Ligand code: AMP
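To begin, one chain is listed below as C-alpha cells, in the form predicted alone.
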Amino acid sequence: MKKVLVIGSGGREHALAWKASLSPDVCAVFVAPGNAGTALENKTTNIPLKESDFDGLVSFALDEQVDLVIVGPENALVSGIVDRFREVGIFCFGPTQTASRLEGSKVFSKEFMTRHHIPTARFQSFTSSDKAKDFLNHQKFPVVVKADGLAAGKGVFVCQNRIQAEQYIDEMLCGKLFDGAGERIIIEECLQGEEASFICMVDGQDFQVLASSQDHKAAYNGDTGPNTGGMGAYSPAPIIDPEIQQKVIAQVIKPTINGLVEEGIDYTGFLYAGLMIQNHMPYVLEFNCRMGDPESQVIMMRMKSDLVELCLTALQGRLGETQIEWFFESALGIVVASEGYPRSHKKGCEIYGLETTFDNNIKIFHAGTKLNDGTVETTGGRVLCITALSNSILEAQKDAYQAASSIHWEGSWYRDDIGHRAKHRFES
C-alpha cells in the first residue's frame, strides 16, 4: 500500500487529494497544509507544513516513507521543490525549477514559443515604462498587458485604450504592482475568440491528454470584470472538438515537448496550455506547469483511471504504454467566493449548509477554508467549488446551482452563468 503527499491548500489540491484517496493501492494521503475539506476526507490527513517549507516537507516525506508527492501550486514548482525531492530519491510529480520557467516567466515562455513556431500572439517585453508607452504608439487597441512573473492569475489586463494601458504599465513597472512579478512586462496583441484549457500529463518524452475543460476567469456574469483565479469551470469543453484537438496536439503540444527535449529541459508533470481558439485555430495565451483551478475539480470528477498510478507511470517514463479512461458524464463547478474578491476580502466567516445531504453526483471541494473547533470558516477569496457530475453540461449546471443555493456565509457570492458558452452552443 502506498502513501501520497499532496502539497498545497487550495481547491486543486483538495481535488487531487480526493482522487488519490480513491486509489485502492493507497493507504494514506497527507496534504500540506491542506484545508477543512482535505481534513475531512477519507484516508486523508492535513500536515501543518507550508508549501514553502521545503526542508520540512522533504523531512516529513522521508520519515513517513512517502511513495509519491504531487505538487499543486505554481510557486512551489517555480521555486524548485521538485528538484529537492529528486535529490533524496522521492518520486515527485511536477516539472523541475528549470522546466517551470514556462509558467514562471511569460517572457521566457513567449520566446520559447517563438523559437519553436508555436502559435501565439505577437508581443514585446519591457522593463522601461517610457519604452513601453512608446510602443503603444504603433499598436491597435485593445492590447494585453501582462506581468512577467507569477501573479495568482491576476497579472493580465485587457486594455481597451491607451489610458488603461498606461495605467497598468505604470502600476507594474513604477508602482511595483505584484512586487517582483511586475518588474518586467509583456504587451501583446489581443486575440479574439473563445478560451479553453488543454491539459496533459507529460513524462519527458510522451504525453496523455486529459479531458478538455473551460474556465471562467472574469469575476462577473458575462465574462466581465477583473481577472480572477477562476470563477467556475466545466468539462468537456464543446469548443475542443476532434478537429481542434488534433490541431492543438500537432501545433502546440508536440512542438512544446519536442522543444523542451531539444533544449535539454526535462519536463515531467502536468502541462497546461491556456488557449484562444480564433477562426478554428488554436493560439497559446499562456503555459502553466500545473493543473488549473477550478479545472482540476471538474477533470478529477470525470477521471475514471487511477491518478496515483498515472503519476507513477509518468515518473517511470512509461506514459506511452497507457491510456486514460474517463466517465462519459459532464462536470461543472461553481466557485463560491468571499465578499470583495478578487480584491480585499473578509476572513473568518462561518460557512452554513455544508451539513446538507447532497446526491452522490455532487462534490464540494474546499479552497479557502479551515476548521476552527469543528466549525468550517473562510480563510480566502475563493472558498468553495461546488461541482456536479451529470449526463450533460446543462444537467450538471442545474445540479451544481441547486447545491450552491444551500450553502452560504456572510457576503458569499458566485456567478450565476457558469457554463453559458456551452449552453449557448447546445441551444443554438
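All of these numbers come straight from a predicted model, not from anything done at the bench. The first residue of the shown sequence is 1; numbering continues from there.
Keep in mind the form predicted in complex with ligand AMP is missing from the figure; the text below concerns it.
Partner contact region in the predicted complex: 283-291, out of 283-291, 337-345, 318-326, 303-311, criterion any non-hydrogen atom within 4.5 Å of ligand AMP. Among the residues I244, A219, V144, V107, the one placing a heavy atom within 4.5 Å of ligand AMP in the predicted complex is V144. Distance criterion of 4.5 Å from any heavy atom to ligand AMP in the predicted complex singles out E195 from the list E195, D83, D266, D170.
Residue contact with ligand AMP in the predicted complex: N227 places a heavy atom within 4.5 Å of it.
Contact check for E189: a heavy atom falls within 4.5 Å of ligand AMP in the predicted complex. I253 falls outside the set of residues with a heavy atom inside 4.5 Å of ligand AMP in the predicted complex. In the predicted complex, no heavy atom of C349 sits within 4.5 Å of ligand AMP. Taking ligand AMP as positioned in the predicted complex, the only residue of 109-127 that brings a heavy atom within 4.5 Å of it is A121.
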